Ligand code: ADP
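Next up is one chain by itself, shown in structure tokens, the form predicted on its own.
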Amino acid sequence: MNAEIRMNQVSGDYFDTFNTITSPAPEHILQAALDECAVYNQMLSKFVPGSDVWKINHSSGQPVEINEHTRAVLEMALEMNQASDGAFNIALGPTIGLWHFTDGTAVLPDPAEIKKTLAKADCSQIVLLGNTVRVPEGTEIDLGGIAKGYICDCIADSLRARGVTSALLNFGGNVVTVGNRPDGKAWTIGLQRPSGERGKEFWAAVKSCDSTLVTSGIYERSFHLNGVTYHHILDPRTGWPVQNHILTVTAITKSSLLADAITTALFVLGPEKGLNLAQRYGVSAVYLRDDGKVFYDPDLDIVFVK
């Protein structure tokens, strides 16, 4: 009988989420990789003075020189904006801010203010040339809906470069697997039940090896007012929460950067258009609707939990 393989785990708070790496590799190797999160946060957070995103948002419409990491994230963000007909939009931050989802203020925004902020959220006006980007004056970008995926990819690559062949990364719901489990079997990743206890109740499960799962759902941030639930996933075309009866959508693919960008687009577009978009990018996707109906890529190996 084989001795049980000991798993090590390191964790830390980055990007307003709790992040963990679990692996049989030595703890100091895992910690060194996790520590790199701080470096990427300094580059990609709009809240860090001097970061690339901070400089872009304070450029008054002038070109800004950016590093290769920021460029890679922006390239995917602008590509997904175009591919999804605007369903993914990194300039939507000011509109989201009008909703006060995080401070407990259950008040509907002024429609005139929504219209005003949306007028400044046109990603087609963002010009990216090599390592230089120009964002129109008055437009503010936020890479929070995509940067975490890129960072997950980078940390996973860092682990591989350090000789790690088996690891599970969970960065606030962005899950990345490096290789298989220590016993050689694929990792089993549960899909969170929207009404269930976080991290303990799942409505489905998929196998994962050297792949990533990213989920967008209405259950993370929302408020209730006059019998209506308003959640944080906004339709960039209207500035209002998406109302398409979808509770959650998960994207499964090799690139966490791609998965992070496409999940929001999939949610906004809904199953019919969303599954077509996912297929174009070679992404497997699964939707759960509020009546319990499921829509998914027929080639996806998925087990449903009753």
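What you see is a predicted model, and the numbers here were worked out from it, not measured in a lab. Each residue number is its position in the shown sequence, starting from 1.
Keep in mind that the form predicted together with adenosine-5'-diphosphate is not shown, yet the notes after this line are about it.
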- Task: Give a yes or no on whether every one of F88, I96 and L234 sits within 4.5 angstroms of adenosine-5'-diphosphate in the model of the complex by heavy atom.
- Result: yes
- Report yes if any heavy atom of N174 sits within 4.5 Å of a heavy atom of adenosine-5'-diphosphate in the model of the complex; otherwise report no. yes
- Any non-hydrogen atom of L92 within 4.5 angstroms of adenosine-5'-diphosphate in the model of the complex: yes
- Heavy atom to heavy atom, is P182 within 4.5 Å of adenosine-5'-diphosphate in the model of the complex? no
- Message: At 4.5 Å between heavy atoms, is G190 in contact with adenosine-5'-diphosphate in the model of the complex?
- Response: no
- Since the chain is shown here on its own, which stretch among 275-283, 37-45, 261-269, 61-69 would lie within 4.5 Å of adenosine-5'-diphosphate in the model of the complex, judged by heavy atoms? 261-269
- From P109, P136, G144, G196: within 4.5 Å of adenosine-5'-diphosphate in the model of the complex by heavy atoms is G144
- Find the only residue in S166, N170, T212, S216 having a heavy atom within 4.5 Å of adenosine-5'-diphosphate in the model of the complex. S216
